[in-house]
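To begin, one chain is listed below as structure tokens, in the form predicted on its own.
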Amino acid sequence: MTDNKVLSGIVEIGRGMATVGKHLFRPPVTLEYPEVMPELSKRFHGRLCLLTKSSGEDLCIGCQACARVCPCGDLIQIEMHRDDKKQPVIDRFTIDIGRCIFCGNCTEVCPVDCIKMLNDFELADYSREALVLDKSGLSLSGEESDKYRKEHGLEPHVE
């Protein structure tokens, strides 16, 4: 009875050593992160951002399509009003990325291509409150927005 246990133990050790032996002469697949950043696909779903017009003004029209399509419920909060010229003015735009599942629905439904996903994946923070990004934390500058549009094949200059 104990001979069977000893023999099966030796067989299992041999199987483990065979697995180690198979991988011993293969090149490593790990990166020296954060010194070497991984190359991500253009379709990677990372941090959300708001593109602006080339002048730096808000591109968002406050239609709230992104908030309605979000499967997480009240994750996206938008408050807006219209000015004297009946143009939308966004008073408050917040996204709780701590609860976001990064599905990309909000980016697909936006009629003006305002909300996009960047390749930024380092989103860790020390508090849940810090993961609620407001308009200033989400908005890219006019130059950054133009650069993003150019890199992703969108209309390069928006007035």
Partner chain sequence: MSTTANFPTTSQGVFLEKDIDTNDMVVNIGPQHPSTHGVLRLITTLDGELVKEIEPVIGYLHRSKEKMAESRSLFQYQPTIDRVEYLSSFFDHYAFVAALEKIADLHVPKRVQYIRMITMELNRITSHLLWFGTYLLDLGATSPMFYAFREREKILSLFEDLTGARMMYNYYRFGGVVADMPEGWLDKVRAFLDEAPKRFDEYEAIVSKNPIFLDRTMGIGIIQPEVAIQYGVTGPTLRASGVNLDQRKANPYCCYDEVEFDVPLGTKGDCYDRFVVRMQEMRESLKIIRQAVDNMPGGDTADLNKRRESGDETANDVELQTYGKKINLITYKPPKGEAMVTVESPRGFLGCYMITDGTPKAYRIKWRGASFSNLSILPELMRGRLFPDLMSIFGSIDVILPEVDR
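Note that this is a predicted model, so its numbers are computed, not measured. Residue numbers count along the first chain shown, from 1. Basically, rigid core = biggest C-alpha set you can superpose within 1.5 Å across the two forms.
Below: the form predicted in complex with its partner chain, not depicted.
* Asked: its partner chain in the model of the complex: within 4.5 Å of a heavy atom of each of 19, 44 and 71?
  -> Looking in the model of the complex, the three residues 19, 44 and 71 all sit within 4.5 Å of its partner chain (heavy atoms).
* To do: Report whether the minimum heavy atom distance between residue 113 and its partner chain in the model of the complex is within 4.5 Å.
  => Outside the cut-off, so no.
* Taking heavy atoms and a 4.5 Å cut-off, does residue 108 contact its partner chain in the model of the complex? -> The answer is yes: residue 108 has a heavy atom within 4.5 Å of its partner chain.
* Do residue 12 and its partner chain come within 4.5 Å of each other in the model of the complex, heavy atoms counted? -> Residue 12: yes, in contact with its partner chain in the model of the complex.
* Asked: Counting only non-hydrogen atoms and a 4.5 angstroms cut-off, does residue 152 reach its partner chain in the model of the complex?
  -> Residue 152: no, not in contact with its partner chain in the model of the complex.
* **in the model of the complex, residues of 29 to 43 near its partner chain [heavy atom within 4.5 Å]** => Counting only heavy atoms within 4.5 Å of its partner chain in the model of the complex, the contacting residues of 29 to 43 are 29, 39, 40, 41, 43.
* **Cα displacement of residue 143 between this form and the one not shown reaching 2 Å, rigid core superposed** => No, because once the rigid core is superposed, the C-alpha of residue 143 moves less than 2 Å between this form and the one not shown.
* Is_shifted residue 68 between this form and the one not shown (CA, 2 Å cut-off, rigid core) -> Comparing the forms between this form and the one not shown, which are aligned on their rigid core, residue 68 does not shift its C-alpha by 2 Å or more.
* Comparing between this form and the one not shown on the rigid core: C-alpha of residue 92 shifted by 2 Å or more? -> It does not reach a 2 Å shift.
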